[in-house]
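The chain below stands alone and is given in structure tokens; this is the form predicted on its own.
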């Protein structure tokens, strides 16, 4: 049979909790807090004529350079320089979303057994990218100020004593997925100092940095990088359109050259239609105005969701209060298993979320929930939180040992107002 012919690496592949949650909430009647997708209401509103004009170029229909369209890379470089990241087109690789950037970096740097330090909890797409190349993932503690440098140092020293090779530190520094926390400037400096001392590369994944709702976040870790210890990943998925699949990677020119060779074995080049759309839109419209508009839009959603958390969640359920991004992180009492509760929430309350266990690499986190408020609109958002509050309230009222072993009692939930 074909499965007997799979590679050792393929035997190691695993599905993420987010993917499984999508399967569970295919019913359109389900209010889903599962997918961290941008809302279609935040997309640029274009007429058919405007869209046709943006794509009215033979370039959009042809193969392009593996590194990406030169003019688009120039525009991105200009944008990054304004953010105090000195760069030029030769330091930039266009990717098919930032997820491809993670895969390419893992392909270039990871041998089986090499160590990647990740936030605990961390973005599952990053965990899967490194796991697929047989890295050893080591979780580093985070708190409300982001990754804890003392924890990182401790883990580095332990890894070295075991004779393992530390290669990468993976961080989502702004409005982190899944917790919504932001790494402080002081910690950014401490972490890059550790990376330099121990010769480890930092992967700075920053899809949410422009989605701040009050004050901007600290400057990128890449701005502190004087000797190319940081590979920076950005994307237009959250701030423009996810469907164009245009991300970008910033690194030393020699690293870019090696990544381009690796990319040629994957897709030859990223889609030209998406690149041309991004290029022409950026030339004809104001990105800053668009960002201002969607910040206002998502800030209102966040405030509605936090108010609903305050009103409907049981008092012993804690939650983060992010200053940007798409996510709120719930901490349930330790005897509540969010993974076992999910099918009940979907079936009886018609509410979906992502259980927290999949964001950890050390077999814990079952009493956490990630909520994405980005796609759910006003009244529906409030109703979804009311239903979820009922589910959690009922679970917490149940005998904990019974709850962890059975779901029959919860099947009789009363969700009446």
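Residue numbers count along the first chain shown, from 1. The structure presented is a predicted model; accordingly, all values stated were derived computationally and were not measured.
As for the form predicted together with another copy of the chain, it is not shown, yet the points below apply to it.
Chemist: Among 77 to 85, 181 to 189, 233 to 241, 150 to 158, which stretch has residues with heavy atoms no more than 4.5 Å from another copy of the chain in the predicted complex?
Modeler: The contacting stretch here is 233 to 241.
Chemist: Thinking of 52, 245 and 269 as the candidate spot, does another copy of the chain come within 4.5 Å of a heavy atom on all of them in the predicted complex?
Modeler: Result yes, every residue of the spot touches another copy of the chain.
Chemist: What is the one choice in 120, 176, 91, 99 with a heavy atom within 4.5 Å of another copy of the chain in the predicted complex?
Modeler: So the residue touching another copy of the chain in the predicted complex, by this definition, is 99.
Chemist: Using a 4.5 Å cut on heavy atoms, which of 212, 133, 319, 281 is close to another copy of the chain in the predicted complex?
Modeler: Of 212, 133, 319, 281, the residue with a heavy atom within 4.5 Å of another copy of the chain in the predicted complex is 133.
Chemist: Test of understanding: in the predicted complex, would residue 297 fall inside 4.5 Å of another copy of the chain by heavy atoms?
Modeler: Although another copy of the chain is absent here, residue 297 would stay clear of it in the predicted complex, with no heavy atoms inside 4.5 Å.
Chemist: Verify the contact flag for residue 287: yes if a non-hydrogen atom of it lies within 4.5 Å of a non-hydrogen atom of another copy of the chain in the predicted complex, no if not.
Modeler: Heavy-atom contact with another copy of the chain at 4.5 Å: absent for residue 287.
Chemist: Consider residue 38 of the chain shown here, and say whether it contacts another copy of the chain in the predicted complex, taking contact as heavy atoms within 4.5 Å.
Modeler: Yes, residue 38 sits close enough to another copy of the chain in the predicted complex that at least one of its heavy atoms falls within 4.5 Å.
Chemist: Residue 67 versus another copy of the chain, in the predicted complex: is there a non-hydrogen atom within 4.5 Å?
Modeler: Yes, residue 67 sits close enough to another copy of the chain in the predicted complex that at least one of its heavy atoms falls within 4.5 Å.
Chemist: Between 58 to 82 and another copy of the chain in the predicted complex, list the residues on our side with a heavy atom within 4.5 Å.
Modeler: Heavy-atom contacts to another copy of the chain in the predicted complex: 60, 61, 62, 63, 67.
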